[in-house]
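Just one chain follows, in the form predicted on its own, and it is written as structure tokens.
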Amino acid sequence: MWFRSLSKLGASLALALWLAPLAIAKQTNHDFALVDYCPAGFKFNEHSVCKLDSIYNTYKSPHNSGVGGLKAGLPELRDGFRPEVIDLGRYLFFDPILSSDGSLACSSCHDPELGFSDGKGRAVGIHGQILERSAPSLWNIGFFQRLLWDGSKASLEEQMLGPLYSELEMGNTPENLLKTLNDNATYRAMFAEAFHSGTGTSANTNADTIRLDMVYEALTAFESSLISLNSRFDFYAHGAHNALAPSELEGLNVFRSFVSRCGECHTPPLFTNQQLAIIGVPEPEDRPFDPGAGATSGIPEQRGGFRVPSLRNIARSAPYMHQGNFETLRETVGFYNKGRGHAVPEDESLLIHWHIWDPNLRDEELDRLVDFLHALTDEGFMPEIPMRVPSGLPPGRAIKAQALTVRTP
């Protein structure tokens, strides 16, 4: 009898644990506290909001001028948030509550351990659906004026609407997202705390109600705090001339030369000029040609164009290009060395960017380029990854591609 009772109890507990993720709307745990200090790399200004504190802010040389001097300044950052709003965004970023079925978080495609990407050639959305392009890194994303691979969005608030509400990505709706968050007593308390002072752009006039603009602002605040500006290259740029190894310094000289022209598009200190570029990268085997910016802008001359990505922490975010076209950095730099337009399909006529030509670099020079790219690695300001989130669901992390059973829409 006692064994049968224990069996029933065990079955009940197993059922309860299995149903727990489905009860995210009823989570009422209040032991989550938002921090009242700025993230690493930021400091309070006179308005008690967090502003970037970087040596680059003291340099007068404009960003995106030529190939970029060592002491070039930064473009404007989307900062000026209260620390509580940033920290609320951190919890939301890792919480699968943002997806329609509680299976995916923002961090499922933008994993900190993978350079805030996911290690896949093409991202995987809800129900295992394989998307058309890779998940780009989010390091320094608050500086960008062009977002997504096709550069079609101009702000983080605008950009996030796509993944949140796409049936292929997180599959949610504005109505369901609001209901799920407002049914969660912990999040209601956290939103009230984050927006209570009225200094945010989405000041809460009703402490019992979560609004969509608050969700978007909190996520934007967190993503804008992902700053990487303290690599060995940065120490060298600021005057520590022994910060780069001899092989890395040789690679920097190749990178900035008018032979390779790497620095003309990947302009320091962000290592991007934030422009669109048509480089004629080959699509992965059996994949159709991706028209890139030309499909969203409607401008024929932009066919095959993509946003120039930052090279910060590039060694962490393989594979490379918009569909994971190359597996390694060596393979990637080798592509540029094979000649202008060499991989363009015969039935395509693309306006290849004028910086792409025939550098004819030696293998040794290509190797030194890769050495230098590794010197751009800096994750010293990595945010704390929450061990648990207010929904009670497991925090979202990228899943290895080989472990997935996927279907292509």
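In this text, residue numbers run from 1 along the sequence as written. Model, not experiment: these values are computed from the prediction.
The following text describes the form predicted together with a small molecule, which does not appear among the structures shown.
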{"query": "Touches the small molecule in the predicted complex: Lys51 (any heavy atom, 4.5 Å)", "finding": "no"}
{"query": "4.5 angstroms heavy atom contact with the small molecule in the predicted complex for Ser134", "finding": "yes"}
{"query": "Contact flag, Gly125 vs the small molecule in the predicted complex, heavy atom cut 4.5 Å", "finding": "yes"}
{"query": "is_contact(Ser231, the small molecule) in the predicted complex, heavy atom dist at most 4.5 Å", "finding": "no"}
{"query": "Heavy atom contact within 4.5 Å of the small molecule in the predicted complex, the stretch among 234 to 242, 76 to 84, 181 to 189, 333 to 341", "finding": "333 to 341"}
{"query": "Selected contact from Tyr91, Trp149, Phe195, Phe143, since only one has a non-hydrogen atom within 4.5 angstroms of the small molecule in the predicted complex", "finding": "Trp149"}
{"query": "In the predicted complex, the one of Arg211, Lys71, His322, Arg316 near the small molecule [non-hydrogen atom within 4.5 angstroms]", "finding": "His322"}
